[in-house]
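Shown next as C-alpha cells: one chain only, the form predicted on its own.
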C-alpha cells in the first residue's frame, strides 16, 4: 500500500521509521522490508541505505524508537500524579495500554535478534524504564518503599506488566480482563493501596 503523500526533502530516516511503525502494526515484523518501505515513502530502494545498512539495522532502529515512545508514555503518566500510589498505577496502566495497542512493536522490542545497533536498543530500554524507577524512588521518599528496593521493584513491575501484556496478546487472558488483572497485580506492590 503506497502512501498518498510520498516523502519529499525531509527526514528520510524518520519517514521510513514512521511507515515501518504502521506496517509493523498491520503485519508484524515479518512484513518489514526496506524495499517495500522505500516504495511506500516514495524513494528508490537504495535511498534508505544511508540510514539502515540492512534489515537488521532497520529492526534495531524500530526497536529503539519503540522504547523511546514507551519511555515518553511512562514519563507522562508518572509526571501527571504527585503521589506514589497514583504514579504506580498510572505507570502500570500506561505500559499495559502501550503493550496492547502496539503488541507487534513490543514483541519486536523484546524478542528480535540484535544486530550492530544492539547497544542503542539496550540503552533505549534502560532510558524507557527510568520513569518506573522514579516511581519507586518517590515511594521511598514517601516512606512506603524500603531503601535499595527501587531497582528490584522496577524490574518486577516490568516483568509483571510485560507478562500480562503477553498473556493478552497470545489469547490466554481476554483483553476485557487485562485491567482487573493489572489492578490485582499492582495492588501487591508495597504502598499501592496508600
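Note that the structure is predicted; figures quoted are calculated from it, not measured. Numbering follows the first chain given and starts at 1.
Missing here is the form predicted in complex with a further copy of the same chain; even so, the following discussion is about that form.
Novice: I'd like to know whether residue 33 contacts a further copy of the same chain in the predicted bound form, with contact meaning heavy atoms within 4.5 angstroms.
Specialist: So residue 33 does not count as contacting a further copy of the same chain.
Novice: Please run the contact check for residue 152 against a further copy of the same chain in the predicted bound form: heavy atoms, 4.5 angstroms, yes or no?
Specialist: Result yes; residue 152 sits at the interface with a further copy of the same chain in the predicted bound form.
Novice: Can you work out whether residue 38 and a further copy of the same chain are in contact in the predicted bound form, taking contact to mean some heavy atom pair no more than 4.5 Å apart?
Specialist: Heavy-atom contact with a further copy of the same chain at 4.5 Å: absent for residue 38.
Novice: Test of understanding: in the predicted bound form, would residue 98 fall inside 4.5 Å of a further copy of the same chain by heavy atoms?
Specialist: Because no heavy atom of residue 98 falls inside 4.5 Å of a further copy of the same chain in the predicted bound form, the answer is no.
Novice: Relative to a further copy of the same chain in the predicted bound form, which residues of 58 to 91 have a heavy atom no more than 4.5 Å away?
Specialist: Counting only heavy atoms within 4.5 Å of a further copy of the same chain in the predicted bound form, no residue of 58 to 91 makes contact.
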